[in-house]
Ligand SMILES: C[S@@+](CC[C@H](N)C(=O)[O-])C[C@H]1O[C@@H](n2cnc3c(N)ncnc32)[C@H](O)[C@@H]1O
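Just the one chain here, laid out as structure tokens, in the form predicted on its own.
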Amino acid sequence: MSNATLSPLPSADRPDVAVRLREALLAASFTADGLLELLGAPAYAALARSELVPALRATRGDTPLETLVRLFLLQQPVPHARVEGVLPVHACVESGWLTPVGEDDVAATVDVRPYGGPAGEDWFIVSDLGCAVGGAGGIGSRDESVVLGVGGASTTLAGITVRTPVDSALDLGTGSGIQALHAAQHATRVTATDLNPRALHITALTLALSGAPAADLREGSLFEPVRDDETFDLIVSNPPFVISPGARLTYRDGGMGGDDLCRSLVQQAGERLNVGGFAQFLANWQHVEGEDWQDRLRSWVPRGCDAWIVQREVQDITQYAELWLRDSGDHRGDPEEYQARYDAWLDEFEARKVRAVGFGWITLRRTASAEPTITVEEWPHPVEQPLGDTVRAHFDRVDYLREHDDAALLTGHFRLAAEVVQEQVGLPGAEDPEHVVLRQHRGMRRATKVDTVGAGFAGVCDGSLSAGRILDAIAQLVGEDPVLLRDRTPTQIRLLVEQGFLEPA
């Protein structure tokens, strides 16, 4: 763990050098695919854990790609003569991408990491040296303005974001610029904000080096840099959501008490959205003694917005404190100082009667409906990323169900969603199953119990017959009163539509 002053950053006013550097990186296959081929899967995966030894062993040659890996990923000094055949060295030194070391070597001033875009684009994420990822190894600097690269939270948010073409997008707390880079592919205008001016500088470098349009970069906290008359079609934020005592690290510690930063962010987003626009956040929230966590989150949702909130993980307060103490590398420092910091975290939680901390996704959609729909659920199971289309489809189904009462549902036509399978659970040899489960193999990968009527109904939904006619046929088959069956089944149909097992035809 380094306490040294952060390196001076490359100039953000030399787009010509960024273009030449990008061309040189691509010419040497310094891409996500190129790295995987050079390093092999184990060493490539180790890099994501901040473990460098396997990659050092794999780059003992002198090819252009090995030179670039040593320079930008492993941050090793490399002989000037060796780099000269790969990069425009003079221009890179002059503009600050490289710095001379000793008499004969040069070194990188920032971490430059290849990143594969969703459509196969070759992008490059810039971050501070040693800070491409955090995690169990700890970040590479304790400086409060340090800027990290792409971690698991960044890729999660990028994966769940709705990717429809929009006029305007806002990235709050842009960091290294990964969300702004994604948004630039489908938004006409991208605005990116950050409290940390160093992060804005690095975002400009990330966009330029990735060949993306420049964003409107603004310094300030949360919505402060946004004008009162500005609204957006998409707002995304991977905010400093960590619930911590104090604000040591700008990239993760919000500096507000408890989960107030996440609450403020969500509550203020509604008035910044155009009708039909989405706001999508990662967040932490407190599980407070004597309070329902779902009610807590419902109270955050601004008026005029539908919401889908998914809790993905819950940690008790000791696990949570240890996670973030390791993230900042405190476990590698003085034991007494580590214990004092640990105590401070637990004191803060106990004062607020916090027993655990939840982590998950919050999606808002501005609606013109008089009765917005709020869904809060826990889903810790594996999902299939990217989920942007799944999120959009969820809100399409919310609209459909809001506009159709039970009578209208029975006149509707439905199709079974793709890759849904039926499982029957019961004792071996039993004549009838104890229960039937429908399971998705795409998107959220949900599973839900249904009765035999629900299973039979779902199985014949191909869009050709109305729900009412299908139920009449099932009633005749099982010898049940069709009127009673029509009365009790819409609730089950509504649930199957809500969870994505059935789609309106």
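This structure is a prediction, so every number in the text was calculated from the model and none was measured. Each residue number is its position in the shown sequence, starting from 1.
The discussion below concerns the form predicted together with the named molecule, not included here.
Only one segment in the set 72 to 80, 171 to 179, 419 to 427, 285 to 293 has any non-hydrogen atom within 4.5 angstroms of the named molecule in the predicted complex, and it is 171 to 179. Contact check for residue 270: no non-hydrogen atom falls within 4.5 Å of the named molecule in the predicted complex. Residue contact check for residue 320: none of its heavy atoms lie within 4.5 Å of the named molecule in the predicted complex. Contact annotation for residue 238: at least one heavy atom lies within 4.5 Å of the named molecule in the predicted complex. The named molecule is not shown here, and in the predicted complex it never comes within 4.5 Å of any heavy atom of residue 367.
Of the residues given (310, 409, 325, 222), 222 alone sits with a heavy atom within 4.5 Å of the named molecule in the predicted complex. Put simply, of 191, 264, 250, 95 only one has a heavy atom within 4.5 Å of the named molecule in the predicted complex, and it is 250. Looking at 146 to 160, the residues that come within 4.5 Å of the named molecule in the predicted complex, counting any heavy atom, are 149, 154.
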